[in-house]
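Given next, in structure tokens, is a single chain: the form predicted on its own.
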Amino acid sequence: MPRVIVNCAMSVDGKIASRIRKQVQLSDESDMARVHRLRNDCDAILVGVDTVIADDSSLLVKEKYVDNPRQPVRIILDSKCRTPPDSRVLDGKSRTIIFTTQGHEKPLENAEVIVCGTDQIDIKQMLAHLDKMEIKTLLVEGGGTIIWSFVSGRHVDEFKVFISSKLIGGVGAPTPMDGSGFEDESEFPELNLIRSTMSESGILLEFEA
């Protein structure tokens, strides 16, 4: 199976966006450079369709941060195939794969659409698909529900989180791991802190499973 690396940024109070789910810049410049180097080192980068719709990120490695970047495969988890046709992930600048569920597949320009599950996307099956494609390192960037699906399925090998100096607040503001959450302390995965790095406006914590 591919090695799965989760990377995210959050506020001091554990939020990744405002209560109206508006994108917030949390990484400072040095952390942005780190993220793009990390993208460049991975074979594929994965987000959920809600992130595509909300942020419309190209998911590309910027030459500003990496010379002669090696663009990763872009993977979108989209159970109902809602990826807008004008999304930047469909710009043809890197290979794009969209995983969807039975009955929702449809052709999208500059993308390969693969059925992987019935009611929801089967993460284990999806990882097996990627393994056959010789994708060995997968970078998961969000959002919170997607990260939860990988953590709850015990599919995460590394977890990196940049903690910004900002405060956001709001009981409805999204967190790095939304989903249903674990109920009992005995279910909580425990990670090993391997590195902490101070930045100009925050700190990066790096864990291994």
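Throughout, we count residues from 1 along the sequence that is shown. Since the model is a prediction, treat every value here as computed from it, not as a measurement.
One more form of this protein exists, namely the form predicted together with a small molecule; it is left out here, but the text below deals with it.
Participant: At 4.5 Å between heavy atoms, only one of the stretches 105-113, 76-84, 89-97, 128-136 reaches the small molecule in the predicted complex; which one is it?
Facilitator: Looking at the partner contacts, the answer comes out as 76-84.
Participant: State the residue from Val61, Cys42, Val49, Val151 whose non-hydrogen atoms include one within 4.5 Å of the small molecule in the predicted complex.
Facilitator: Checked against the cut-off, the match is Val49.
Participant: Contact with the small molecule in the predicted complex for Ala54, defined as at least one heavy atom pair within 4.5 Å: yes or no?
Facilitator: Yes.
Participant: Is it the case that Ser30, even though its partner is missing from this view, gets within 4.5 Å of the small molecule in the predicted complex, heavy atoms only?
Facilitator: No, Ser30 stays farther than 4.5 Å from the small molecule in the predicted complex.
Participant: Verify the contact flag for Cys8: yes if a non-hydrogen atom of it lies within 4.5 Å of a non-hydrogen atom of the small molecule in the predicted complex, no if not.
Facilitator: Taking the distances in the predicted complex, the answer for Cys8 is yes, it comes within 4.5 Å of the small molecule.
Participant: Residue-level contact is defined here as any heavy atom of the residue lying within 4.5 Å of the small molecule in the predicted complex; does Gln23 satisfy this criterion?
Facilitator: Yes, Gln23 lies within 4.5 Å of the small molecule in the predicted complex.
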